[in-house]
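Shown next as structure tokens: one chain only, the form predicted on its own.
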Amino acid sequence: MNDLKPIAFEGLDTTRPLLIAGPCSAETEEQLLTTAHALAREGVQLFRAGIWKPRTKPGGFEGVGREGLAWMRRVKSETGMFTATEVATRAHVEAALDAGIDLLWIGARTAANPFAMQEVADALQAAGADVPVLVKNPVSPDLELWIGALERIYNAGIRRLGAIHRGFTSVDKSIYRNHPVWAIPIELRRRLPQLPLFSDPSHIGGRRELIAPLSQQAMDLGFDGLIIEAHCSPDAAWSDKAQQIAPETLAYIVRHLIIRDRNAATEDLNSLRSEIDKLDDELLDLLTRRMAVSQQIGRYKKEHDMPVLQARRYEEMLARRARQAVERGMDREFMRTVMQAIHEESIRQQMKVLE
């Protein structure tokens, strides 16, 4: 993907962060226009709203559908803002393009389904679309699935292509609606450095008080933009009201973001980086010694006809190390991920002995 183009339109301020904002759902024409005008007064140029809403269970509000596209045209004509919405099917793509929607995004549930992604890609290709498309990460922390979804859209001829990090579903209790697992978008950036990367703090946090700190974290990590849910009356929203904020609150958050210089000189960090390299070498030495002990354990289990996996001890170890990590100022999920990876390699070392 070396020939990607910027997510840009004529007249759009692309100063970092590129901000996309608007309500979770288009509910009524009045709600949409009131929100849009308020955001336009705060300087927002890219307006988002869900026209079709995938719901976990049937019976909930699933969006107003095509009727809302006419409201989006009014938003564009009255405010001058560019418009964006989510698509999940061929019919969505065709309707959105016919309505002149300027930017499309693909949600986490759709990104997790290669068949659905291919349908969207085929619709874009058939239309000869030259429209920016952003792809959210799948609900599961699967980087290859995310990249595969992006490749399908790229293969359809889309060159204004970007990714949205909206966090991942986790079975563990967390302050977040969707755990950020920052390592995954960081690895995506390493693999595809030309790909614009957006953060969705609304869906990561699930609560409006988390939007500001999550937005700052994204800027600290060099993200290119933010997509944030804003509503004229957040507490009255028909969907996801807990994670929506008022336009003036959004403006306050954006004004107070600290934008780091991604091109700053790093010579003064050399000594600290050398220290990190030394510590990494020590970590590798420790892991080598740990795996040697794992092989000894494997030989003992082989001699005594014991199963390799000791599930109860594994769960106790995970809980203990996660607790210790938190006491030392580290993230619980981070330590669980580290220990799970170490345990998998330990099992592999024991299995080698059993072969």
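In this text, residue numbers run from 1 along the sequence as written. Computed from a predicted structure; not experimentally measured.
The following text describes the form predicted in complex with a small molecule, which does not appear among the structures shown.
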Worksheet, complete the sentence: Answer key, the small molecule contact in the model of the complex at 4.5 Å (heavy atoms) among 43, 60, 54, 65: the residue is 54
Worksheet item: Of 160, 241, 109, 76, which residue is found within 4.5 angstroms of the small molecule in the model of the complex when only non-hydrogen atoms are counted?
Response: 109
Worksheet item: Does the small molecule come within 4.5 Å of any heavy atom of residue 24 in the model of the complex?
Response: yes
Discussion item. With the partner left out here, check for me: in the model of the complex, does some heavy atom of residue 166 sit within 4.5 Å of the small molecule?
Written reply: yes
Discussion item. So in the model of the complex, is the small molecule close enough to residue 86 to count as touching (4.5 Å, heavy atoms)?
Written reply: yes
Discussion item. Within 4.5 Å, heavy atoms only: does residue 105 come near the small molecule in the model of the complex?
Written reply: yes
Worksheet entry | Listed range touching the small molecule, judged in the model of the complex by heavy atoms within 4.5 Å, from 46-54, 65-73, 317-325, 292-300 | 46-54
